[in-house]
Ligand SMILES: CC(C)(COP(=O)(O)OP(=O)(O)OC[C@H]1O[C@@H](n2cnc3c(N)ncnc32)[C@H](O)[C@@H]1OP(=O)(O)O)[C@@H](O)C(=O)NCCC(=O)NCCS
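The data below hold one chain only, encoded as C-alpha cells and taken in the form predicted on its own.
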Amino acid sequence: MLQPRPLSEADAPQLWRLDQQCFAPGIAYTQEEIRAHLRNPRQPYHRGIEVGEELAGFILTVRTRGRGHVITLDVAPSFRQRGIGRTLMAAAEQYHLANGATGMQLEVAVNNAGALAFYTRAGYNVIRTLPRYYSEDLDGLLLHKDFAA
C-alpha cells in the first residue's frame, strides 16, 4: 500500500531534484521556491511517497479562495503508471474536502498531454487558458474539480 508521508523543509533538496526531472526549465521550481511553498501557512497539504529509500513522488497543495490548489504533483519517470499520482491526488482532495474546500484547482502547460489526460480522468475540467503562464511562448490551462455538494 502506498502511504503518503508529510513533507518538511528538510525534504526540499530531494523534492527539487525530482522536480527538475519532471519539468523543463521555466516550469520546474527552484529549491527556494519549493522551500517557500513548504512554509506556506494556508492550510497546506504536502506529502510524498517513498518506494524503498527513493522518493517516488510528491504533491504540494495549499488553500486558495476556498479551493485546494495543487502547486505541483511530481512522479519520478521510473515510478509512473503505478498509482502514485492517483494516490497523492486522492489524499490531497480528501484533505481539502474535509477542511471545507469546495473543490480543487491547478495549472498545467498546454503541451503537457500526459498531465492533461491524467487530470481529465480524475474529473478536472479546463476553465480557461492562461496566456504566457509559464513563459513568453508557453500558455497554461486552469483546471477545476468541484466537490459534490
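Residues carry their position along the shown sequence, with the first being 1. Keep in mind the model is a prediction, meaning the values are calculated, not measured.
The form predicted in complex with the named molecule exists for this protein as well; it is not shown, and the discussion that follows is about that form.
Between the named molecule and the residues Ala115, Ala92, Val62, Ala101, the one pair within 4.5 Å by heavy atoms in the predicted complex involves Ala115.
Taking the partner from elsewhere, Arg35 is found to have every heavy atom lying beyond 4.5 Å of the named molecule in the predicted complex. Residue contact check for Gln81: one or more of its heavy atoms lie within 4.5 Å of the named molecule in the predicted complex. Contact check for Pro44: every heavy atom lies farther than 4.5 Å from the named molecule in the predicted complex. Of the heavy atoms in Gly48, none are within 4.5 Å of the named molecule in the predicted complex. The candidate stretches are 20 to 28, 123 to 131, 7 to 15, 137 to 145, and the one lying within 4.5 Å of the named molecule in the predicted complex by heavy atoms is 20 to 28. Residues of 59 to 78 that come within 4.5 Å of the named molecule in the predicted complex, judged by any heavy atom, are Thr72, Leu73, Asp74, Val75 in sequence order.
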